[in-house]
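Listed next as structure tokens is one chain, alone, in the form predicted on its own.
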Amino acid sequence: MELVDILTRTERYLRDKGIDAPRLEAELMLGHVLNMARMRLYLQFDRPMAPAELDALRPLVLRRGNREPLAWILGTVGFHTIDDLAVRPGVLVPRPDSEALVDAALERLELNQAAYIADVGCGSGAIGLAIAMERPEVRVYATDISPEALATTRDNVARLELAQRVAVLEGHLLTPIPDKRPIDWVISNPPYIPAGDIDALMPEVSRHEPRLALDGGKDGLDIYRELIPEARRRARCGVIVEVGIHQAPGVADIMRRAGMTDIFTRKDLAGIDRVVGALTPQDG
């Protein structure tokens, strides 16, 4: 069978399974198997597919048909200025929405000024590593309680050659960072989906992504109630967090009650308040 026939059949199969962009995803999976850029696929439509290539493609297509996240299947995803961030099953796939969190942090980190960042609930490491790539003076503590997440972050630290500036630490919130270590900013994309809403999400999320990285309790704000007061005590500059739809006022109130000041928000590309931040009072 020729390449164009495989693409057409794969596209049809993915469409029947409810995939929103079946042609694009068929091209990405085929390009992954053939180690070929999408443009080259179009230049070789009449190329015959070898049996071994078809055998390599079939399980990937079946996994996607089961609505497993495409990023897990391909093994990497683009995020902010990182073209190939490693991701794997058991670890939340970074979303474009989270780039607003990176941008909000970068706005508050002066160029050529050293700073210590705690990326709490680091997952794949996307947030902290994207900041580190843009600010060579920044040092990052990446913390998580998930072994899969920590392994993925370590993989990305090595891939991006950031081992001298990023420490990957196992533990809850800021606990694994020794008290004597300075923290300027606490940055986090914590679990914030209300527990009762998870099962109604798209299958890629509800059936596959780890609940540990999704479940924010009854109203989605459980982790903020714990993290923000802790960040208030330890962060010399402040805290910046990602939030869900309609959660910005609630998170801002938690920051206010914790005694933080100069609360601000930032919208994502869809115009949704996606980021909330605040400063630590200079007197404490």
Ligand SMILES: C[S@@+](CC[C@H](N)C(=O)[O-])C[C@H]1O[C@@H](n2cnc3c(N)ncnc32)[C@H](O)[C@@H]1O
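The first residue of the shown sequence is 1; numbering continues from there. All values reported here derive from a predicted model rather than from experimental measurement.
Although not depicted, the form predicted together with this ligand is the subject of the following passage.
With this ligand left out of view, the stretch that reaches within 4.5 Å of it through heavy atoms in the model of the complex is, among 247-255, 38-46, 63-71, 212-220, 212-220. For the residues 132, 173, 183, 82, the 4.5 Å heavy atom test against this ligand in the model of the complex is passed only by 173. Of the listed positions (105, 92, 166, 86), a single one reaches within 4.5 angstroms of this ligand by any non-hydrogen atom in the model of the complex, namely 92. Looking at this ligand in the model of the complex, residues 126, 146 and 190 each place a heavy atom within 4.5 Å of it. With a 4.5 Å cutoff on heavy atoms, residue 156 does not count as touching this ligand in the model of the complex; it lies far away.
In the model of the complex, this ligand sits within 4.5 Å of a heavy atom belonging to residue 122. When this ligand is considered in the model of the complex, residue 152 lies well away from it, no heavy atom lying within 4.5 Å.
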